[in-house]
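Just one chain is shown here, as structure tokens, and it is the form predicted on its own.
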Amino acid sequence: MASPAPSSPLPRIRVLATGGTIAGAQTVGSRGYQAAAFSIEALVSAVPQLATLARLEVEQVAAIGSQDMDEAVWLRLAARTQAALAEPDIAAVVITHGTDTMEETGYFLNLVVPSAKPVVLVGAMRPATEMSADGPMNLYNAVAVAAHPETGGRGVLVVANDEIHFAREVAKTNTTQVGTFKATHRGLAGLVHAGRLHLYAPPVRAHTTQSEFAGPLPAALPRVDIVYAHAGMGRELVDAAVRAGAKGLVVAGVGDGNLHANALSACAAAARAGVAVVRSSRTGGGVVERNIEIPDDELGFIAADELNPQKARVLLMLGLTRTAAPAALQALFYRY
């Protein structure tokens, strides 16, 4: 469905900046660059066309490459997002973010933001000083998506490369290409061409206002580690995570969340000791089902369903703030 841009008066939108490649500057004489080199004021001023879409207010929440994103910044960003959306005159929030961990931040916000107002994450694959930088158009499109009256109630969105993605469904799939983001299960949320939107079906899993995690934020999140499965995998990494204090463990398993017998034994021991163990998959797509090759009921494991390892970790961290019971945690993976 094609629909026109929103009419006047222009909506008031808060832009929260965290850094990333979209704010990056290349090193002179080098292919490398420094992420988060430019302020959000500089990014916005470089796209004067934004003034035709919305009345923007900007706030620098962090200035990091998203490889350095962590739980403390998530909680701070979520708090600032919630505060902005609680202001009656704020129509939406746009968040500038590095692409490396954007899918994790987006999914976290998708679960903790108690508002139907649009929240849109945007980044870039090329730094701001590079030839044919993608950041300016991505930012313009993100503000256009946030400003549009029909994007509310769809959960947190990610905008890049003329595409609109649901935060739950999107994954970064390429190290350098501008078309890195793909929807791994249910397809795009829509398209946006120079600010003109084409919206598709809404999401089917619970989010934002339907989420039991939306509202007051925890002071901290429990430690959850990811262990990557491979041929010949031993138990050492699983045991190390438990010794380090992990309350939860996500296995990026082979195939349908499988893992070597030695690692399986270590995971079973961890589950018996009260560590929540989630089986996900390293394949990049598909559903991890219960009790196929591994007896989840017997071992007390949780199947990640559709979530990739990094998003399974996000949901498990939040889930562990409420319960450690495997059956209750499994229900969360079917709901969210």
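So that there is no doubt, residue numbering starts at 1 and follows the sequence shown. Small disclaimer: the values here were computed from a predicted structure and weren't measured.
The same protein has a further form, the form predicted together with ligand SIN, not shown here; the description that follows concerns it.
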Contact between Thr99 and ligand SIN in the model of the complex at 4.5 Å, heavy atoms?
yes
Check whether Ser30 has any heavy atom within 4.5 Å of a heavy atom of ligand SIN in the model of the complex, and answer yes or no.
no
Looking at the partner-bound form in the model of the complex, is Ala241 within 4.5 Å of ligand SIN by any heavy atom?
no
I'd like to check something about Leu237: if you look in the model of the complex, is any of its heavy atoms closer than or equal to 4.5 Å to a heavy atom of ligand SIN?
no
Would you mind picking the one in Leu264, Met125, Leu199, Ala246 that has a heavy atom within 4.5 Å of ligand SIN in the model of the complex?
Met125
Counting any heavy atom within 4.5 Å as contact, can you tell me which stretch out of 62 to 70, 43 to 51, 281 to 289, 305 to 313 lines ligand SIN in the model of the complex?
62 to 70
